[in-house]
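The form predicted alone is given below as one chain in structure tokens.
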Amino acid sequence: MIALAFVLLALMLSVYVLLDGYDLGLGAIHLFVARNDSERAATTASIGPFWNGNEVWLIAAGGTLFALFPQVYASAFSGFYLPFMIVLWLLMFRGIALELRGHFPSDLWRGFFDVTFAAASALLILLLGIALGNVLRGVPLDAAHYFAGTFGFLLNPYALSVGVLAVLALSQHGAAWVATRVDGLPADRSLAALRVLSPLVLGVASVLTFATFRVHSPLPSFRAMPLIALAPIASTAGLIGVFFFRVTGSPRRLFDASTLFLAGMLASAAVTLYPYLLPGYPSAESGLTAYSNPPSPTALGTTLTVVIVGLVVVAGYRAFVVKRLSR
């Protein structure tokens, strides 16, 4: 059941990235693909019914981490408290910019909200990527499993590189969304942006794949469960699909290929980490696994039941909303 809890937590975080990723990526490229008021209104309207619902998955993942792995939650916040606070403020700034943009007739205010939306989106992606990079690399923990490093430690080259890849990959995802959902010049500019973004994603992802094997090798997991190799195969197929469908002019399939690439990358990250939730540094063994101080069987069973039922309800409601809005 502990393994199931790990999978559910990884699933919720992955779904958050896949769903909120396209509106974060849209925000990061917003000023480049939409260059006047009507175009920017059209691009933000494309995510209007979805963006705040997408963030439910992040809240659900945080609640699940707190309920099932409180020691990991406490240790993570002891080191990532300042970045998490910045993430919270960036989430608020994005929401304020999206909600208030249409309520101010002044071009000055609309321009301010457009820049705020773009900057907050790009910085949010970067910070979340840096956080993932540090989790993959491991963080220094003392004997009580509290963070024993500095804020500067979190800005190491590997984590920063993961942050850069996150910005590029989600910008690619956002561009694919615009090409699928928005007509006219924004869609054309998004396809043009993909001609630049896709090769950059390929290059950075290739370098980081080899770097990840050095900082936290997943080879034992792959040997134990060969089917796990499907995750990097899926991400490779997704990236090839992005190149192919970009050329053939199939926006919907282009977005699906981008989704497959991200899903494969996230699954690969989860495989690399298992069973660690917060590896130590320089030795991963000094960190916390899913089996460190697990909850009682009763608490675990009750929490998993609530989480699974909640996920089914949230997923069902989202599917209902998407179907209604697609009519």
Partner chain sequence: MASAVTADRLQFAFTIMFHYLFPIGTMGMAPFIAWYTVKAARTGDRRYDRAAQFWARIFAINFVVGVVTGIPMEFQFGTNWATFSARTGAIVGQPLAMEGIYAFFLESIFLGIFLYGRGSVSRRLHALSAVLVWLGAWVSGFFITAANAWMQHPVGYSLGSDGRVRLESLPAVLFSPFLWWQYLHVMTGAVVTGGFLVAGVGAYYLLARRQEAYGEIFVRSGVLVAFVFSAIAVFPTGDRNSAEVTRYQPAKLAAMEGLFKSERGAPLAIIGMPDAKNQRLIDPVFVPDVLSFLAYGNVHANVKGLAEYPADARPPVEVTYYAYHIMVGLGTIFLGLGALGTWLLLMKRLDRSRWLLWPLMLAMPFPYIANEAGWLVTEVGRQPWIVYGMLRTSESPSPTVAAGETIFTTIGFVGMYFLLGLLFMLLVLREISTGPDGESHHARAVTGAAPG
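None of the values given here were measured: they were computed from a predicted structure. Under this definition, the rigid core comprises the largest set of C-alpha atoms superposing within 1.5 Å between the forms. Residue numbers count along the first chain shown, from 1.
Absent from the display: the form predicted together with its partner chain. The rest refers to it.
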property: Stretch in contact in the predicted complex with its partner chain, which is absent here, among 131 to 139, 90 to 98, 188 to 196, 240 to 248 (heavy atoms within 4.5 Å); result: 90 to 98
property: Partner-contacting position among V33, A269, L260, A60 - heavy atom within 4.5 Å of its partner chain in the predicted complex; result: A60
property: Non-hydrogen atom contact T209 with its partner chain in the predicted complex at 4.5 angstroms; result: no
property: Contact of Y158 with its partner chain in the predicted complex (heavy atom, 4.5 Å); result: no
property: Proximity of P49 to its partner chain in the predicted complex, heavy atoms at 4.5 Å; result: yes
property: Non-hydrogen atom contact F255 with its partner chain in the predicted complex at 4.5 angstroms; result: no
property: Members of 278 to 316 lying within 4.5 angstroms of its partner chain, judged by heavy atom, in the predicted complex; result: N293, S296, T298, A299, T302, T303, V306, V307, V309, G310, L311, V314
property: Exceeds or equals 2 Å, Cα of V314 between this form and the one not shown, core fit; result: yes
